[in-house]
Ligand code: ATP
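In structure tokens, the next block holds one chain alone, the form predicted alone.
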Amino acid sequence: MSAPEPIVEVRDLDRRFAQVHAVKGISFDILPGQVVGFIGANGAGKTTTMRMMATLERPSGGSIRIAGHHVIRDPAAVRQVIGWMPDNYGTYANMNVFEYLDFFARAYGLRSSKRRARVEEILDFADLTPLADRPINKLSKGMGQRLCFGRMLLPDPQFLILDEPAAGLDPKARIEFKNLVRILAQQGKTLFISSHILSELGEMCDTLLFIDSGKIVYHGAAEQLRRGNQTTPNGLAAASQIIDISLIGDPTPLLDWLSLRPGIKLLDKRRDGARLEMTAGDDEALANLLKQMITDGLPLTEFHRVERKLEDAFVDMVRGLQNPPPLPGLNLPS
């Protein structure tokens, strides 16, 4: 079976603002049905990238295709297949929740009974029905985010772009938002979500895309990132992996064994074991380490990989890119 065609194709995308080079020639694909987390610090280029995808900013170079449509040559066709949820939404005086959604449904071209049915469907899906008559300027932050979320869904788009949708939400609202994302993913929607909250993106997303200083530094699964067995786009190893070991009796034999093993560093020792850092990041290296310990007679009772927090993985990756190791064979001055 052939691989599915990407619903989003970004190639050498570039954006400059006067003296600021916000996005620096990035490329990536998004497959239909994926939930992609877009991660980066303030000023990294997240919102600029998303606005270009939403046809709201014109690229300085490169291209974006969504569902086969070019965002510059055919923006009207792109707007038919995307939903856009900005990090804040405009309000109007003397308008309640139902009227707000009805106004945008009319703007999307929905008419008569079909329009009302769609508005009521969105009110129910976003849990806004009890708030239908409430003035929109009286909504809490969480309610307002649900309203903006519902507005995005009115035209039933294939590809959803959400800029910081969970910012400022309380714990209950965050859980509700994650549930809505899960339902949309089950319906086959493709979602592109930016956030500073990496742990939540790790729970919601099957793929993560990291951007730093306008460049993509990682594109892959959250699980790979936690384990540390991935590489960055320029081929640098992004991180090592940490191993927790327990054994019977005095840990001195383990410490002596480790002292003879290059590529393994002792991070912490305990009465019954130790925590190690292993330079090699793949599963085969980990399996070989365990096999060698058993072969050499170390009385292990526990051996497991410690999954890192996504926040720590991101910081380690950026630090590694800012301070790459010297290339082999070069004699650099001290």
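Start at 1 with the first residue shown and count on from there. Since the model is a prediction, treat every value here as computed from it, not as a measurement.
Not pictured, yet referred to below: the form predicted together with the ligand.
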Q) Taking 4.5 angstroms as the cut-off for heavy atoms, does G43 touch the ligand in the predicted complex? A) yes
Q. Counting only non-hydrogen atoms and a 4.5 angstroms cut-off, does E176 reach the ligand in the predicted complex?
A. no
Q. Is E164 close enough to touch the ligand in the predicted complex, meaning at least one heavy atom pair within 4.5 Å?
A. yes
Q) Closest heavy atom of S63 to the ligand in the predicted complex, within 4.5 Å or not? A) no
Q.
So if I measure heavy atom distances to the ligand in the predicted complex, which of the stretches 27-35, 270-278, 43-51, 292-300 falls within 4.5 Å?
A. 43-51
Q) Within 10-24, which residues have a heavy atom closer than or equal to 4.5 Å from the ligand in the predicted complex? A) F17, V20, A22
